[in-house]
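First, one chain by itself in structure tokens, the form predicted on its own.
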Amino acid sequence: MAKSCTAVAPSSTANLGPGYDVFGLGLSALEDTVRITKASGRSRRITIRLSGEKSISIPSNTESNSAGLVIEKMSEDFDLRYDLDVRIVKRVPAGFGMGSSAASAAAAAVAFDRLFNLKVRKSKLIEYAAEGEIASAGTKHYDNVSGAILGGFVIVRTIPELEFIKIIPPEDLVLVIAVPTVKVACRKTEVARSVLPKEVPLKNVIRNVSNASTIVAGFILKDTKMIARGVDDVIVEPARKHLIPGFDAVKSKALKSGALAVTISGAGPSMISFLNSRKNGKLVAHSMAAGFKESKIKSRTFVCHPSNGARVVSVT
């Protein structure tokens, strides 16, 4: 039996505008790495060590760490009483709407599954990875972790039962992400959820359903321009955009420089543009950075593609 396993999982974006808590998309921009090693004891002690990206303080105690929660849950469910040393290398910035907690949680689930040769089906691994979202969002949600584990575009159904529908994205889909260098609150996702309206006009629901359907049709038909036409959210984005300094300038400049659509990446404050070619990728990235700069905010930008999902990179 293996003693150690290392897995990586990609950054991701959620919602894609009108698909709140339903759409997830894995992104090739950045990856988190999780290595799980069996220690000598059998008391189910989990020791977590962190390195890499630390935009905000990431807790290393099991109960508050996304990977730790996943490993703890899987250890309990499979009655595995091993002490484990967990090394997490963060590359996805925490708290910025790029699925940081999901990347660590997804990599942990995949590494744990392979280390103990459990052969858990992918849909169940997503459920385990969602346990990790409690650390950042206060509740389980599946959009980012499904994109991180499966890669590509994923539709999440939770009623009457969990179902994850993966659609392979069009080959020409290019994403540009701008990550502002701002302070974000601890458990930022939970904060971002708190500003959402409790009731919305029926006409806005109809518009969002129409746009979300257009996004799905675009992915099925491999039509990036159709996807972009659907990236128009009249419910969540208006409620959250005030949390992002420079939002209007970033969106306006990106569209003027060739982006087909622009929206908040996940719960923000990062923003994401949709293109059908890398030709204008650098120009759009520069324009988004200039939009943040108008509010005296520095930013990092990434031009990327949809990812292929989490994977094991070594077993020893």
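What you are looking at is a predicted structure, and each value in this text was computed from that prediction instead of being measured. Residue numbers run from 1 along the displayed sequence.
Although it is not shown, the form predicted in complex with L-homoserine (HSE) is what the next lines describe.
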**Message:** I need to confirm a contact call. Of 267, 254, 69, 34, which residue comes within 4.5 Å of L-homoserine (HSE) in the model of the complex, counting heavy atoms only?
**Reply:** 267
**Prompt:** Heavy atoms within 4.5 Å of L-homoserine (HSE) in the model of the complex: which stretch among 159-167, 202-210, 106-114, 188-196?
**Reply:** 188-196
**Item:** residue 144 within 4.5 Å of L-homoserine (HSE) in the model of the complex, heavy atoms
**Value:** yes
**Prompt:** Does residue 240 reach L-homoserine (HSE) in the model of the complex, with heavy atoms at most 4.5 Å apart?
**Reply:** yes
**Prompt:** From first to last in sequence, which residues of 1-19 have any non-hydrogen atom within 4.5 angstroms of L-homoserine (HSE) in the model of the complex?
**Reply:** 14, 15
